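Before any questions on how it binds or moves, here is one chain, the form predicted alone, in structure tokens.
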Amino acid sequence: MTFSTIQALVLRNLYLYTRTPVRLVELVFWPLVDLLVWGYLTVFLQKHTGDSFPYQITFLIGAVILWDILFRAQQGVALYFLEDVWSRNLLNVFSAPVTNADYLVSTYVIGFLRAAVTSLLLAVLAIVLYSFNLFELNWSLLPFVFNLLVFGWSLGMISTALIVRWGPAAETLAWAVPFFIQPFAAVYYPVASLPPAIQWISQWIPCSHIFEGMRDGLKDGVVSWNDLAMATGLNAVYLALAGWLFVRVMRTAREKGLLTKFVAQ
């Protein structure tokens, strides 16, 4: 793994946004739509339920922001690969002296940058439009955000590995994979509201502990160390498994020439 190679790969992807500014719309438009929809739903419920509705409803806005961090991190990895497919540049990249580590670290950086842009924008707008301050968690928010990034990277590697294995027909997985786990991730509701069988599944998903910890932190102002420890431990396992899957699939793809499927589409 070399810094110069990683830097070149990151710059190559960033140039796509400077040369085609319309790509920035995708970074802003859909997250903004989600924030407006859930934000005004929150305002509506607060006005029409009063004290009879739990004040935790405002956590919906925080959940939208944190979920977008995970989603953008995943997209940073998966779309990084698809950009090379769409530009017919895939074989050029993998025929160059680029290791799997170089490639993955560069996708992590892109995922982090995408998540940083959208999350900061949404956090500021949430303060302005709804008087909801996600930064009330102060520095205790950072470990939760980092865990969301790591889990997003893991999902991105899994998405890319599945696309490489099954070919261009599986490209929709780049968007679908995060939503496969969303019903179990307790993004907009506590784990306790789920049926017992689904609660068991949620316990094995890192982001469910992150969202639970976020709600507890905003409610009590105290970091939920148990949720943070569970999320960190599970993330370490998932990141290792996703990395192993990605490396194995890419090695097989190079040996069997599976990458040529994307050139011939």
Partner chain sequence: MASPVLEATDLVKDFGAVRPVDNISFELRRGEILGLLGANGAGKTTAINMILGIVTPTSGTIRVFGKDLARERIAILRRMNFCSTYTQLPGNLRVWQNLTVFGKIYRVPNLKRRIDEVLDLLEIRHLKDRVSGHLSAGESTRLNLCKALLNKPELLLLDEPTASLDPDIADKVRTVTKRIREEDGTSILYTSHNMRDVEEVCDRVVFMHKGRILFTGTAAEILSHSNEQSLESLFIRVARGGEIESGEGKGEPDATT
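In this text, all values refer to a predicted model and were calculated from it rather than measured experimentally. Positions refer to the first chain, counted from 1.
There is also a form predicted together with the partner chain; it is not shown, and the following applies to it.
Inset, instruction - Let me know the one among Ser131, Thr172, Ser87, Ser193 whose heavy atoms come within 4.5 Å of the partner chain in the predicted bound form, would you? - result: Going through each option in turn, the one that passes is Ser87.
Inset, instruction - Heavy atoms, 4.5 Å, the partner chain in the predicted bound form: which of 87-95, 159-167, 180-188, 117-125 makes the cut? Say which one. - result: In the other structure, the partner sits against 87-95.
Inset, instruction - Would you please decide whether Arg254 lies within 4.5 angstroms of the partner chain in the predicted bound form, comparing each non-hydrogen atom pair? - result: Contact check for Arg254: yes, within 4.5 Å of the partner chain in the predicted bound form.
Inset, instruction - Report whether the minimum heavy atom distance between Leu9 and the partner chain in the predicted bound form is within 4.5 Å. - result: Residue-level check for Leu9: yes, a contact with the partner chain.
Legend entry - Heavy atom of Val25 within 4.5 Å of the partner chain in the predicted bound form: Although the partner chain is absent here, Val25 would stay clear of it in the predicted bound form, with no heavy atoms inside 4.5 Å.
Legend entry - Leu241: touches the partner chain in the predicted bound form, heavy atom cutoff 4.5 angstroms: Taking the distances in the predicted bound form, the answer for Leu241 is no, it never comes within 4.5 Å of the partner chain.
Legend entry - Whether Ser4, Arg19 and Leu259 all lie within 4.5 angstroms of the partner chain in the predicted bound form by heavy atom: The answer is yes: all three residues contact the partner (heavy atom, 4.5 Å cut-off).
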